[in-house]
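In structure tokens, the next block holds one chain alone, the form predicted on its own.
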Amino acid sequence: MWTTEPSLNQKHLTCPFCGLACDDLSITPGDRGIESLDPKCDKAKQGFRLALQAVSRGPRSNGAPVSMEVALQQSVQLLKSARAPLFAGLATDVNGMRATLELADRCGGVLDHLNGDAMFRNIRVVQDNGWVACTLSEARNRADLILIIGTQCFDRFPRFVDRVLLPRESLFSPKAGRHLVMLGPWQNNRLPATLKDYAPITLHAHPSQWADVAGMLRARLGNRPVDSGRLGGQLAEGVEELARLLREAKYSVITWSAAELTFPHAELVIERWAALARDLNQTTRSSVLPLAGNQGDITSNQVCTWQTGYPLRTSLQYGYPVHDSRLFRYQDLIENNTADLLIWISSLDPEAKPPACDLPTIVFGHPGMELGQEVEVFLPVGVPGVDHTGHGYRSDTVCTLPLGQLIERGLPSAATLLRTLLDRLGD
């Protein structure tokens, strides 16, 4: 474990800053936080650097420094007076989310994650129609064709190439025989260097065309007539070739990042790709692999689901959980004045700040967080995987990975402070 003056290399670390949850990192500490990080990952290095270099100003009340005891007392009073508290942000680890649920249950709160819009583009498809999904390990070891939809997967998940797409070792599907097909408004200068050398198949299509591409693929695979001219000559030819590759593949995987699909009714596009995977399973093996998990969104949703039986965007105001993905969107609750207290939990990223609003606000925040608008109470908390141990879910939701502790600087975890408030509230 690191001390406040780290001097030894730290190996086999799990990164909490991305949904891949890579657990093979080695950090060499230096005078400025990190001297080196191996394997290289800009997102992990940035996350660890911001966490290790953060200098907390301590608890604050309306911008003025206060003791932790005073901050906790004020938080208790705000919670006692609230009739419709909103627990949002929820960028924390498993224990932090469990403590949040306990407190929300006691106070009658509503729960939503800061990435809720992206997350529910996927969840609505599962709720309405279901899908056939695979794990990161299945894609790594078995897929002989991977279709990547959109252009932001590699920005949001920097090690997706070497961990899943083109790993050095694979049990059943060597990368030499693996087809990579990339659908989106791609520009060659945006491709990761490792993919440029691999020369993947690139289909240039605007997001407005993605649903039509999925529909045409389903039609071609089902031997139904289609108007191929609707997509334009070059794209139509590419879709014909992709249909052939999908038909011949032994195990195909369709992957995307829902955070990129910011256009209206994006869940209908996702549903078409999920339906394509179902169609392929009539004659071969195919799965979807939705990429998510940044800011702890998968972790928070998994904990909420196993504790309440429902995903996030659930209210505990009625004495039992009530779920509605549209009614309990945190942005709408704030805008419509249907909440009277905001409890914002964000321990992974100093830039994941609470929205500016007129609601009384309690923030459990990253120690390096600088608020543009001061709030009633700010409580600095440790970063999971840096200041304290914990657990976090991977993008594929199948397992939790342990998060280690790198440094001891006296910052409590979000779970510790939330449970302290719970104890002080009494009955």
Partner chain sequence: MSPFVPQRLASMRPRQIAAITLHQGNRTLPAGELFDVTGSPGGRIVIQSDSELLDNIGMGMADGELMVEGQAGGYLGRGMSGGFLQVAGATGIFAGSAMSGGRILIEGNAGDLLGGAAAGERQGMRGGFLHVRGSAGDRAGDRQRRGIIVVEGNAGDYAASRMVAGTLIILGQAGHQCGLDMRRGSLILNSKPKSLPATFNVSGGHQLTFLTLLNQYLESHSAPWAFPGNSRIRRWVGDLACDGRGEILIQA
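Not measured: the values here are computed from a predicted model. Residue numbers count along the first chain shown, from 1.
As for the form predicted in complex with its partner chain, it is not shown, yet the points below apply to it.
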| item | value |
| --- | --- |
| Joint contact, 158, 248 and 349 to its partner chain in the predicted complex, by non-hydrogen atom at 4.5 Å | no |
| Heavy atom of residue 83 within 4.5 Å of its partner chain in the predicted complex | yes |
| 4.5 angstroms heavy atom contact with its partner chain in the predicted complex for residue 146 | no |
| Non-hydrogen atom contact residue 267 with its partner chain in the predicted complex at 4.5 angstroms | yes |
| Exercise: residue 342 in contact with its partner chain in the predicted complex, heavy atom 4.5 Å | no |
| Position in contact with its partner chain when the complex is considered in the predicted complex, options 107, 180, 195, 259, heavy atoms within 4.5 Å | 107 |
| Contacting member of 231, 76, 243, 118, with respect to its partner chain in the predicted complex [4.5 Å, heavy atom] | 231 |
| Per-stretch contact check against its partner chain in the predicted complex, the hit in 314-322, 350-358, 234-242, 198-206 (non-hydrogen atom, 4.5 angstroms) | 314-322 |
| Within 4.5 Å of its partner chain in the predicted complex: residues from 208-228 (heavy atom criterion) | 211, 212, 215, 216, 218, 219, 224, 225, 226 |
